[in-house]
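Next up is one chain by itself, shown in structure tokens, the form predicted alone.
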Amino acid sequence: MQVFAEDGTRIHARVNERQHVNAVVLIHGFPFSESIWEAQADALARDACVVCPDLRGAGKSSESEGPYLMETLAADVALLLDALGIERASIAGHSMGGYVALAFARMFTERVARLALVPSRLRADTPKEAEARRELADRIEREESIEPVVESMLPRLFAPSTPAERPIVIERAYEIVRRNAPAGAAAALRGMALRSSAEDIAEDLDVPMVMIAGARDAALAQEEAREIVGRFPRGRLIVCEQSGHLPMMEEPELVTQALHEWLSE
């Protein structure tokens, strides 16, 4: 399905509407699209209405003038739910998708039935991290190519064993990223650099919360994952031992099982 935001941006989503009793939104991270959730979307669709949006500038959604603030992306998700007649949903976000999920929780608290971070963080970027995002965005625009993202980010997102043991996962991830437009990637990077911390809302978000983390994640250490979970009244940590930053692709069955359990809480 697709909807159009007020500024005319087309927001695409893959939706399974067989069940409306339990609705779940799976939000992809950067620099991917909704395709990273293929295994989970198909499995969860047996018991829930599954909504997998392409955030603006990614996948089949159109680009708009950036930066893409997390609040703008969260409003796009709300627009999709409105179009489907879904008042309340379980929200899961991967990496940047987690930032969007947290922005959604701040803006539409009453619409959040559950929260999952797979994995993501609460804090804002440090000045050094924000500057690195802006520099990468500038390079993408100069070269008019997504390849700077591929070169600088993708190799460190996987567990060290994944390239040898699951090469098809690597191939699929690179394929998904290379389908995204450079301008959308640059706008998303600048939006992440501008985001606010979500640490202040965690303790007030009294819904079932799960962090699904990769034991071999170079982007988010397990110590930080545990600290994040501890901030939520009903937080729980699940560790995927053979995964890096992409557990939904590296250990899809384990992530699917964890999300099934989360949806049953």
Ligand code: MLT
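One rule holds for the numbers: they count along the sequence shown, beginning at 1. Here the structure is a predicted model, which is why all the values come from computation and not from measurement.
Below, we turn to the form predicted in complex with the ligand, even though it does not appear here.
- This chain appears without its partner; in the model of the complex, the one residue of Ala89, Ala159, Met192, Ile140 with a heavy atom within 4.5 Å of the ligand is Met192.
- Checking Arg133, Arg114, Arg106, Arg111 against the ligand in the model of the complex, a heavy atom within 4.5 Å turns up for just one residue: Arg133.
- Note that among 221 to 229, 62 to 70, 39 to 47, 22 to 30, the stretch whose heavy atoms approach the ligand to within 4.5 Å in the model of the complex is 22 to 30.
- Taking non-hydrogen atoms only, Val77 never approaches the ligand to within 4.5 angstroms in the model of the complex.
- The shortest heavy atom separation between Met96 and the ligand in the model of the complex is within 4.5 Å.
- In the model of the complex, none of the heavy atoms of Ala181 sits within 4.5 Å of a heavy atom of the ligand.
- Although the partner is absent from this view, Ala83 stays clear of the ligand in the model of the complex, with no non-hydrogen atom inside 4.5 angstroms.
- Contacts between stretch 242 to 258 and the ligand, counted in the model of the complex as any heavy atom lying within 4.5 Å, involve His245 alone.
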